[in-house]
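The chain below stands alone, shown as structure tokens; this is the form predicted on its own.
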């Protein structure tokens, strides 16, 4: 990742959500209000200008994304499925007693900002690299802060998650928590992924859940993004945000047990695949 610049991937994902809002039929899949909220956060933060937002919200932009689906079949609409999956895990987790939500590598995601007023008794935390987090914080400040939403700007490549959370007076490591790592772990080195899961297990109570998406490992032992994997890996490297971690779905349970978690297939919608990504939920 380019350490001194806001994440290009985070911006791309937010703009894709804006464009999905202009695609017919997506209203039944996308979480309510997410497309408009994404527009608002991007504009208020200064991440993009009005002209970019206006274009992203057109049917022409939809056509462009659909034209590139040959590279990663289904990946355009997969972002809508991904957002729906993670929001469902949060809502179900809260219904099951969670009082904390932690979003890792939040980017310009609007889940915390949208849900905080609805669940006033729940504390929402977001952590991201300062270059992206500070820009987003500017946008949130303009739109209206939420009393139960805490935005944390930290480089977890330099500081341990457990140390960052212990510095937050409102973090309760004895609380049932839902942790989200949406489109994150594939950008981390293997040792960093294992450390992240272990640290998360240390900072939450029994009954917590960890929802994440990941790229599978192929038969050749490398990340498998389909037919155009080599091209995709090259493009990610060119933009300075390479994919570096993957796991075989059949080996995920063993990995999770080694880092303090258990796979939780019994949870509704806890696993699946859309586009090139698999989704999973671990329980403590």
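Just so it is clear, the structure is predicted and the values come from calculations on it, not from any experiment. Residue numbers count along the first chain shown, from 1.
Form predicted together with a small molecule: not shown, discussed below.
- Out of the listed residues 82, 114, 123, 209, 82 is the one that sits within 4.5 Å of the small molecule in the model of the complex by at least one heavy atom.
- For the options 73, 97, 190, 157, the residue carrying a heavy atom within 4.5 angstroms of the small molecule in the model of the complex is 157.
- Proximity to the small molecule in the model of the complex, taken as heavy atoms within 4.5 Å, picks out 182-190 from the listed stretches 198-206, 182-190, 162-170, 138-146.
- Remark: all three candidate residues (7, 105 and 109) come within 4.5 Å of the small molecule in the model of the complex, counting heavy atoms only.
- In the model of the complex, residue 22 stays away from the small molecule, with no heavy atom inside 4.5 Å.
- When contacts are judged by a 4.5 Å heavy atom cut-off, residue 264 does not count as touching the small molecule in the model of the complex.
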